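What follows is one chain in structure tokens, specifically the form predicted alone.
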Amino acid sequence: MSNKRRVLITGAAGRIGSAVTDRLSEQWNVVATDVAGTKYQDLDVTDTEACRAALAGVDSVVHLAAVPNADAEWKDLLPANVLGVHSVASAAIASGVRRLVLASSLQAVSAYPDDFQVRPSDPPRPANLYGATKAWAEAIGSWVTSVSPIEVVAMRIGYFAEKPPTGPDVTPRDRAAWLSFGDCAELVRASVEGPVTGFTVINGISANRYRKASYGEPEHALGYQPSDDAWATP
């Protein structure tokens, strides 16, 4: 019998999920799930009973499933980004998992001024409905820790891309928020394995020399060690 940590990942076929699932499968016994029609185990995150069944015997849950579009309309965001977060969190409580890791976003704090370096302790301040759904995910995480012994980490994921963003439409703010594929896998690893008490918010960016979001005590405490720099990577 494998003694690897059993971790369920939702949204495993998505951009972030597909980039981290294979990397983390080397360390964990990963239960990769997504919607029907993908190569992964079918799981509708809006179905609480299905989520509860999928979480049986799981140590941790990494909830990545979402509509990842900052311009999406409410009708498109509601099922996965709002109802889905509640379903997965409710199932986690019922199943008694050790840790729940939620994919928040720097979009949850995108209304802060451009020259303001956002800290994990800064409250959500979204500038769009997508960011508001990520603020909802953080609120759900706080709720989980108030009604259960589950440890919760909300990752405010930055500009996720294989290489630093470039082009005429890319702003310095975008580049300063870059999160590489490798560092994202490291972020998820630390969020599952690092020491946590209650509810914790961390900023998910690479080791950029200029940063839109701070890299400080919460990230150090979890043992998150990013290695890529948007100004050093070709």
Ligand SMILES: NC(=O)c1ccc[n+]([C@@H]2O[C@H](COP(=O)([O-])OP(=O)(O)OC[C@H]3O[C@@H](n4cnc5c(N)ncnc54)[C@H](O)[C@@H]3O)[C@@H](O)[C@H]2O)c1
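We number the residues from 1 along the sequence you see. Just so you know, these numbers come straight off a predicted model, no measurement behind them.
As for the form predicted together with the named molecule, it is not shown, yet the points below apply to it.
Peer 1: Picking from 23-31, 36-44, 187-195, 167-175, which part of the chain touches the named molecule in the model of the complex when contact means heavy atoms within 4.5 Å?
Peer 2: Result for this chain: 36-44.
Peer 1: Is there any non-hydrogen atom of residue 16 lying within 4.5 Å of the named molecule in the model of the complex?
Peer 2: Within the cut-off, so yes.
Peer 1: Is residue 141 close enough to touch the named molecule in the model of the complex, meaning at least one heavy atom pair within 4.5 Å?
Peer 2: Heavy-atom contact with the named molecule at 4.5 Å: absent for residue 141.
Peer 1: Considering only heavy atoms, tell me if residue 66 and the named molecule come within 4.5 Å of each other in the model of the complex.
Peer 2: Yes, residue 66 sits close enough to the named molecule in the model of the complex that at least one of its heavy atoms falls within 4.5 Å.
Peer 1: Contact with the named molecule in the model of the complex for residue 80, defined as at least one heavy atom pair within 4.5 Å: yes or no?
Peer 2: Because a heavy atom of residue 80 falls inside 4.5 Å of the named molecule in the model of the complex, the answer is yes.
Peer 1: Since exactly one of 103, 109, 92, 85 fits, which has a heavy atom within 4.5 Å of the named molecule in the model of the complex?
Peer 2: Of 103, 109, 92, 85, the residue with a heavy atom within 4.5 Å of the named molecule in the model of the complex is 103.
Peer 1: Looking at the named molecule in the model of the complex, which residues in 126-149 have at least one heavy atom within 4.5 Å of it?
Peer 2: The stretch touches the partner through 130, 134.
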